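Quick heads-up: it's one chain on its own, the form predicted alone, in structure tokens.
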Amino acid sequence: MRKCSLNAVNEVFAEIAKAAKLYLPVDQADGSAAFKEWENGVTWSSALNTVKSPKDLFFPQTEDLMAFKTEGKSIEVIDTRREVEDFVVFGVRACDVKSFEILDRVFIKEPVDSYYASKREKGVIVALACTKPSETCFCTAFGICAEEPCGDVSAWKTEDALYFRANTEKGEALMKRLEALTEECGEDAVNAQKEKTAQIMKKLPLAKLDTGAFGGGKTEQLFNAPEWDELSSACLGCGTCTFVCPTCQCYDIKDFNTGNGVIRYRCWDSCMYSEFTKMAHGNNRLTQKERFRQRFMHKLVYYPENNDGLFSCVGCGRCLAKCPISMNIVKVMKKLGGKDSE
């Protein structure tokens, strides 16, 4: 394990940025935080979480796939991709680190999504342990330890220092570059910080949220549950929950005529929208109840059934904070799970 003084953090950032683009949480004018590229003068935000997750750096909200040019009956297909540069994402919380395992099973599973895979190959994740979890956090329900994040490098922040531990070859290479700015150290301060965070997590309102009523094999039991009517009745179908979610992976593919050819691109989509998966014959989910149910059944039943029990939620709390009607996955779990989810 190595450490540096908090007073030297900008020197560490500058050293990282010499060899790779560096992204980290930055405060916004509206008081929120977002991952932005670091440069001199940019201040690292102390916010617990960004509004949008770092998923955007690996699976962008919009992304060009290819271009076409036509001349008569001939069509030229143009590969618009550029080689992905090395980059480092600093300050990724444990919940968001876990989200990459969920996304990897979608995009790196055969057939591999080369757009996503290339970014995962080039990206280095520096995970940052939480010190002040929020009342909206419930990552422990999914077996995630906020005090022990597992990126390529794990980091812990105390009152006066930043501690690092490399976990992968990419992480070791990064820490090698930082040897002159860091020093070897023991783990006492980190262990003390871990214990503080663990104690806070135990006292949070959602600390006892349980997933026992959900998982693979529960489709028949939950699909026709009468509770879906009440749960979905106030849903606006706005899609906010899906756009702030670090694990949602649905997208649409569209063509845009530039006047000098066609750009084919993909953009995030939402199962909460009435036109989601709409085809020539119509839409396979005609009501908001059906769309609402699809979102939460996918998170809590369908995904774990097909992925060795892994849930497609990481308990980051973003949907709890942003839903305009305060309807979220926790309320769904408590309503459908009864005593099993309290």
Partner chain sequence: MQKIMREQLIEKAASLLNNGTVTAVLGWGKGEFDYDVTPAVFKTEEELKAGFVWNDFCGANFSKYLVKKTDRLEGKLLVFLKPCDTYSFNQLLTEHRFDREKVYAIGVPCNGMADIAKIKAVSGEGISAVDTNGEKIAVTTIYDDAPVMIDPADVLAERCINCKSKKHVAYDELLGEEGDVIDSARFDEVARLEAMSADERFAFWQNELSRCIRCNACRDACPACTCEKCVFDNPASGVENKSPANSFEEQLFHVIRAYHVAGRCTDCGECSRVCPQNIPLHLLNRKFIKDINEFYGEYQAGETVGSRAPLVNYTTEDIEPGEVFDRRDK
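Numbering follows the first chain given and starts at 1. Predicted model only: the values in this text are computed from it and were never measured.
Another form exists, predicted together with its partner chain; not displayed. Remarks below refer to it.
Although the partner is absent from the chain shown here, 136, 200 and 322 each have a heavy atom within 4.5 Å of its partner chain in the model of the complex. Residues of just one listed stretch (75-83, 144-152, 127-135, 98-106) have heavy atoms within 4.5 Å of its partner chain in the model of the complex: 127-135. Out of the listed residues 219, 233, 114, 191, 233 is the one that sits within 4.5 Å of its partner chain in the model of the complex by at least one heavy atom. Checked against its partner chain in the model of the complex, the candidates 294, 45, 307, 32 yield a single residue with a heavy atom inside 4.5 Å, and that residue is 32.
Proximity of residue 240 to its partner chain in the model of the complex: non-hydrogen atoms within 4.5 Å are present. The closest heavy atom approach of residue 330 to its partner chain in the model of the complex falls within 4.5 Å. Put simply, residue 68 is far from its partner chain in the model of the complex: not one heavy atom of it is within 4.5 Å. Although the partner is absent from this view, residue 273 contacts its partner chain in the model of the complex, with a non-hydrogen atom inside 4.5 angstroms. Using a 4.5 Å cut-off on any heavy atom, the residues of 199-232 that reach its partner chain in the model of the complex are, in sequence order, 200, 203, 204, 205, 206.
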